[in-house]
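Only one chain comes next, encoded as structure tokens, the form predicted on its own.
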């Protein structure tokens, strides 16, 4: 067992509800520590992390500031994702730069000011230039590069970990009924099996959770286009309003939309029109749309995830609300939640569910 862990018997297995990004990262952390667990995977509930672009940009572009916890999560991800690749025998992780095309003189001036104050030299290039002007249509103000970005091909990552855990018989495909979880003095019983802890990683289905449904999850719909663009440069992701990024497995992905009010979770004609209109401002190269997808992200109004345990039932935990930064935050935060459960270590205060007062 992991040094210092008090989980030393099979009856101390941990039940993970959800086999999306949060649940799989949590399971991988437990696997590394040799802590037994079982993942419950629903094939009927939607999973937004299956339909994400998997891009990890360390800079909040509008304000030209480091994204939350960038100094912790970036070096962590550079170890975590290659480790998963090695264990699963797959390839899905890529490091790349992001080229931000300036839409106007004001955006260029803000970039230059940030370069001159020296606060972002590890993340923003001082060189302003036109990236492949024969392929990308710029408004004439140039652009700059964002360093330390990366991407995960979600369509490889998610199935690879599910397959790995399924092979080990550590995953069960079923739809959870909350009434099947019986609370005990020292854990829970689920369909005749005992578990010391439960971690709910349910995405937007968390709004139905009888213990954590009070958390203010904010559904945010995003749509993506998958494209084939012959002879298109592939060295960088390009941003101008939306992003256009090369995929490790070939082709490009373009997105994303952000909708807080929507009628359904499926790809829409409005989303398609918005993405193609914005794409025409980036490039005039002909392209073929191979797929149009949509997903609903579980976000939080304060843009911070939800981690922690139930105030009354200490064996119940939640890992949710990752929003648009899921692939950047999930590996590191899953380790922090794992250390909280196993060793009682403190959670990041900004992500702790204690910040939310139950009404």
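It should be emphasised that the depicted structure is a prediction, and the values quoted were computed from it without experimental measurement. Positions refer to the first chain, counted from 1.
The same protein also exists as the form predicted in complex with a small molecule; that form is not shown, yet it is the one meant from here on.
Undergrad: Is residue 296 a contact residue for the small molecule in the model of the complex, using a 4.5 Å heavy atom cut-off?
TA: It does: once the small molecule is placed as it appears in the model of the complex, residue 296 has a heavy atom within 4.5 Å of it.
Undergrad: Does any heavy atom of residue 222 come within 4.5 Å of a heavy atom of the small molecule in the model of the complex?
TA: Heavy-atom contact with the small molecule at 4.5 Å: present for residue 222.
Undergrad: So in the model of the complex, does any heavy atom of residue 334 sit within 4.5 Å of the small molecule?
TA: Looking in the model of the complex, residue contacts with the small molecule do not include residue 334, since no heavy atom lies within 4.5 Å.
Undergrad: Even though the small molecule is not shown here, does residue 279 get within 4.5 Å of it in the model of the complex, heavy atoms only?
TA: Flag for residue 279 set to no.
Undergrad: Among 306-314, 58-66, 323-331, 27-35, mark the stretch whose residues have heavy atoms within 4.5 Å of the small molecule in the model of the complex.
TA: Result of the contact check: 323-331.
Undergrad: If you check 214, 170, 178, 76 against the small molecule in the model of the complex, which one has a heavy atom within 4.5 Å?
TA: Only one listed residue qualifies here, and that residue is 178.
Undergrad: From the list 274, 108, 236, 162, which entry has a heavy atom within 4.5 Å of the small molecule in the model of the complex?
TA: Here the answer is residue option 162.
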